[in-house]
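Next comes just one chain, in structure tokens: the form predicted alone.
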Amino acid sequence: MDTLVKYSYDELEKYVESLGEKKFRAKQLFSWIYSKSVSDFDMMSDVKKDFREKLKNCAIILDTKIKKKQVSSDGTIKYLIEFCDGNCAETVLMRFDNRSNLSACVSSQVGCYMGCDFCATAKRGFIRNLEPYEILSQILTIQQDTGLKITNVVFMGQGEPLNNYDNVYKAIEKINEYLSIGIRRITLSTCGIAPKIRQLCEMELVPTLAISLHCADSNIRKQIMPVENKYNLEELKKSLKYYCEKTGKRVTLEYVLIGSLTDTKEMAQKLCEYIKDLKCNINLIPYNPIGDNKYKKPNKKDIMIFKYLLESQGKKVTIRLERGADIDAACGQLAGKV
């Protein structure tokens, strides 16, 4: 069976012609797949019946399926998506009561080999990269299942997006063009692959950049994030300043607050020193347990002190609203468990 979401518009035209149909049928199919997110050929009401029957015998819209679906008490929905080879990855729909935005948190890899010590995905190890259409399929799956239109996409699911650079960038192009999601509404999160950050700056579409910094002390960062051994804080900062200068955008620094480790006053002061000449916002993320009990959540008092010390440097600081923790869908909890 041919998977239609694999095809570009030009490829879809050729495919339609190979079935003995005229080119304009591709435009109809494209609209139903991407603008209306239908899951069944019979829902394509302006496509003639005999063509729909022909398609049912030789093609499918997506080759992914929902292996498991969990709904959080806060409305967050986590999907375990099974791909055609049997491998699975997770994607999350995040909804906020006071906002119209609907965000899809997508995975870029099955597993991850970056080895961040506090992250559930890292415990799984790396299995394979996801293809552009498999990334796009995660969004389409959410839209097909809920009937809702995704407005924002964040590459914050399983995997390190910049270790799957070519496929992720092609997916960004498709999300922008096919789903009409503006580049300002697409955010890519990376643990700091400095050369790829610079490469990204040279592209036509440059997404908003979020950096999984998590510690401004090199020795401690090495303990929890092995990437520090290859691309250290100094090299990372140079690439971030280049991004700001090249794009005119701010970067968001994501910082996980691990109790008695990264949430201390000393760590706050080191972070203040690191960011003083960097155009950035800071997003503080209280640590979410992943089951091994190696690290602990910070207490509320330490969170507020940390936030106050950063704000004294004139930076915008937010505390990430925890979403989906009761279904292991919060930051650092995605593991692709079946």
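Model, not experiment: these values are computed from the prediction. Each residue number is its position in the shown sequence, starting from 1.
The form predicted in complex with S-adenosyl-L-homocysteine exists for this protein as well; it is not shown, and the discussion that follows is about that form.
A.B. asks: With heavy atoms only and a cut-off of 4.5 Å, decide whether K78 touches S-adenosyl-L-homocysteine in the predicted bound form.
C.D. replies: No.
A.B. asks: So, L240 and S-adenosyl-L-homocysteine: in the predicted bound form, are they within 4.5 Å at any heavy atom pair?
C.D. replies: No, L240 stays farther than 4.5 Å from S-adenosyl-L-homocysteine in the predicted bound form.
A.B. asks: Can any non-hydrogen atom of E254 be found within 4.5 angstroms of S-adenosyl-L-homocysteine in the predicted bound form?
C.D. replies: Flag for E254 set to yes.
A.B. asks: Taking the shortest heavy atom distance, is Y274 within 4.5 Å of S-adenosyl-L-homocysteine in the predicted bound form?
C.D. replies: Output for Y274 is no: heavy atoms all beyond 4.5 Å of S-adenosyl-L-homocysteine.
A.B. asks: Which of 116-124, 78-86, 138-146, 262-270 has heavy atoms within 4.5 Å of S-adenosyl-L-homocysteine in the predicted bound form?
C.D. replies: So the stretch in question is 116-124.
A.B. asks: So S-adenosyl-L-homocysteine isn't shown here. In the predicted bound form, which residue out of L309, A26, M44, I290 has a non-hydrogen atom within 4.5 Å of it?
C.D. replies: None of the other options qualify; the answer is I290.
A.B. asks: Just one of A171, L209, L236, M156 has a heavy atom within 4.5 Å of S-adenosyl-L-homocysteine in the predicted bound form. Which one?
C.D. replies: Answer to the contact question: M156.
A.B. asks: Using a 4.5 Å cut-off on heavy atoms, which residues of 179-211 contact S-adenosyl-L-homocysteine in the predicted bound form?
C.D. replies: If the 4.5 Å heavy-atom criterion is applied to S-adenosyl-L-homocysteine in the predicted bound form, 179-211 yields S189, T190, C191.
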